[in-house]
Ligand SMILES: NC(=O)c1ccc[n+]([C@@H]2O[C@H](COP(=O)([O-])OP(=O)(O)OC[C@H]3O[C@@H](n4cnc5c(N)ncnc54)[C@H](O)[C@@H]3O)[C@@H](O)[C@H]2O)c1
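The chain below stands alone, shown as structure tokens; this is the form predicted on its own.
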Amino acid sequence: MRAERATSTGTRPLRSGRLKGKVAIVTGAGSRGPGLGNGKAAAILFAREGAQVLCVDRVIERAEETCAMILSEDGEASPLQADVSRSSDCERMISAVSERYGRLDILHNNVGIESRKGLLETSEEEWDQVLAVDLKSMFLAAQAAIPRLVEAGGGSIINVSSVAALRAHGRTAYAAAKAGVIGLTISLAGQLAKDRIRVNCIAPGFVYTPMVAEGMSAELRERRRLAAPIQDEGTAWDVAWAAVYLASDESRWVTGQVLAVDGGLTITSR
């Protein structure tokens, strides 16, 4: 069954009900190109595990595609167009989940963009855009969601960072934003524990998704595959299974943590 979970969406899997009765928001729930992004995979697995999922994306067609996949497996999901770097859209997102499902238990902050430029090449405009999408959006989404999570008696916020925040990295704005996500996670975990709201962070390694595939050569993809001690390419499913754990009651005593899903990349000296 593990092999099926790791590689397939076409065959309906066995369901364990780890998230049964829970309502989740996944931001960045669509994929920007062919294949499977981290948010799309998380939304699918949350639904497979029994959650009702609000699939949020800036491009509604991407959210609708994810919902169609979930509905084809008899899961429960609905799409919403929103730009979560705007506070008004985050408030509208929380209103939508309350109206459609009556509660909120899980906020999966997955939305993000890349910047591949170093310090001297990064413009002020690009810096502002990356920080707004990759960091500010998570602050605004959490701020809007907290009252609903408190009403539910607690819940889980999962923020997606990157190993770029944990190792020297040439992509200046991206690394800074992802490091900020870790700081935000730890700060919120300390503030919200009294309300039984757990806040954790996933730091993916060299995962192959539609976002990172843009402009990547076959040679670079192979180098990435061999970079970590586990010399196998990471997929969105690997990141999504970590999200399932952090969303579930199995992690009820886990908060303020950074879970690197990276094949061991961050334990190497290279």
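One-based numbering along the sequence shown. Quantities reported herein were computed from a predicted structural model and do not represent experimental measurements.
Beyond the structure shown, there is the form predicted together with the ligand, which is absent from this document and is the topic of what follows.
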{"item": "Listed residue that, although the ligand is not shown, lies within 4.5 Å of it in the predicted complex (heavy atoms), from Ile197, Ala77, Leu104, Ala82", "value": "Ala82"}
{"item": "The ligand contact at Asn110 in the predicted complex, heavy atom, 4.5 Å", "value": "yes"}
{"item": "Heavy atom of Ile230 within 4.5 Å of the ligand in the predicted complex", "value": "no"}
{"item": "Contact flag, Val97 vs the ligand in the predicted complex, heavy atom cut 4.5 Å", "value": "no"}
{"item": "The ligand contact at Arg48 in the predicted complex, heavy atom, 4.5 Å", "value": "no"}
{"item": "Per-stretch contact check against the ligand in the predicted complex, the hit in 82-90, 67-75, 140-148, 120-128 (non-hydrogen atom, 4.5 angstroms)", "value": "82-90"}
{"item": "Heavy atom contacts to the ligand in the predicted complex at 4.5 Å, residues of 40-61 in sequence order", "value": "Asp57, Arg58, Val59"}
